[in-house]
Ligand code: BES
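Next up is one chain by itself, shown in structure tokens, the form predicted alone.
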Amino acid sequence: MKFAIKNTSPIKTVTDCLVIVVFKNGILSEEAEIVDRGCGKAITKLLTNNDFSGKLGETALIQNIAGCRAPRVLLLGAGDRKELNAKSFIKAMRNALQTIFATKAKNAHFAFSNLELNDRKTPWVTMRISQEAEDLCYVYSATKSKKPAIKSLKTISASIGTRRQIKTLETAMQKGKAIGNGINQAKELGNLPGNICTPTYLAEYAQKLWKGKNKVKVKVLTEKQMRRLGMGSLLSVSAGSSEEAKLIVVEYQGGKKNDKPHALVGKGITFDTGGISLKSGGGMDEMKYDMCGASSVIGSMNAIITTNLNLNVVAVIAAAENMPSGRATKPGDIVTSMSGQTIEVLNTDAEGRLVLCDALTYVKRYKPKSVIDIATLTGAAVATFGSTVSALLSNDESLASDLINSGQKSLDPVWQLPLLDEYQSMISSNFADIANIGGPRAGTITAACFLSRFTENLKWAHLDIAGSAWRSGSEKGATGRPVALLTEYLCSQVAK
């Protein structure tokens, strides 16, 4: 989809669909007043008939108004003008876009010159127009014989801000497009079935995506190479599968040559049966989503690479399939991690932390400024937070604060849980340095405690996205979270 800033009078704008705002109780925005005056009070007549009130998210499509160059005028309800904030704006925007998608309009113009939010500035509003449009455009079709109809809308323009802001707003719009595309990439990879999206598929996808791309290097470590590095923990997960594990490393040199990079580490379990600690059959199909940490890392990396972010970033994705077989790791087995620490595997279904710990050890060679691992790690996170927020745990309060702020700004929120020393004893083992589970209580925290054993001297945070990465039920599908959060965090680090 193409996006542009076009500061023209709404009555003179050439577009298939003109979007204008009406506030609560039928109060017209400045752009709506211009259209109303130039079109024989067509909007006033509609309001007089009580067919539209301006409540938040309400839409009304008017066809062929005399005096308007747009064949369609979409009234968008924005509720109380003084209460219009980021969340309510997103609700209204998504409703407007869905209404436009239902038409044959190939282009649309949002007349938002005087639209103000009480908690965000104009560049953020501009960014979200393109981000929401790209996000809503996504339709899964990869494995369907009959492809869904492609949406007609191809171009979106907006009149917003002032002429002095045009370059800033155009940059913001392209940033939103990149984030939206990154979200869609994460959704697509998450939605692909496990027989297609294997560790090898993920590795080849990354290589193809960034092949020949300036400032980007992609390398893929094989099991043989990982074995040489001593990654016994990661390899214990793939031991029962015929699919070879891969460690995917993406290096982006967007900043100065000697600047230390920020690091993203993604859990990429492309299918999780639980291994010998086999899961119950109900809902096991959703375990294709156990690689959503990896897919969100790929989506976030592509967003910052597309926008040519002035920052060095390295991504490490630990990709494996967790299957039961005669070669599979058994409960009670002890494995040796790349760090040299031994792990008693009490439950093979707690495999995410086993691949992440070796990836976290590997990323130390880059001496990163910060490290964030992203994983669909625990059912406890789902029980605690549902799908609303992602769980955050960290050994550094400044990093945690940055992520919380980035989550609030991007509307992709996180909530911090305590990472206290008192929890560490819960993962003690009589036979190894550490056990891979800590019992039935505080599961999200003890999982992070396990990972913290491998983050010595790292400024590290852990995001458990088990509840936020996908939806179940009639809306089943990957959400693309937390691409928006991660991209916002990395953007916030450029000036630091």
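Start at 1 and count along the sequence shown; that's the residue number. These numbers were taken from a predicted model, which means no experiment stands behind them.
Only in words, not in the display: the form predicted together with the ligand, which the text now covers.
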| message | Contact with the ligand in the predicted bound form for Asp349, defined as at least one heavy atom pair within 4.5 Å: yes or no? | response | yes
| field | 4.5 Å heavy atom contact, Ile437 and the ligand in the predicted bound form | value | yes
| task | Considering only heavy atoms, tell me if Met287 and the ligand come within 4.5 Å of each other in the predicted bound form. | result | yes
| Taking heavy atoms and a 4.5 Å cut-off, does Gly340 contact the ligand in the predicted bound form? | no
| task | Please pick, from Thr376, Ser238, Thr270, Ser295, the one residue with any non-hydrogen atom lying within 4.5 angstroms of the ligand in the predicted bound form. | result | Thr376
| request: Let me know the one among Lys279, Lys121, Lys87, Lys217 whose heavy atoms come within 4.5 Å of the ligand in the predicted bound form, would you? | output: Lys279
| field | Segment assignment from 105 to 113, 227 to 235, 378 to 386, 165 to 173: heavy atom within 4.5 Å of the ligand in the predicted bound form | value | 378 to 386
| task | Spell it out for me: taking the ligand in the predicted bound form, does every residue among Arg353, Ala466 and Trp470 have a heavy atom no farther than 4.5 Å from it? | result | yes
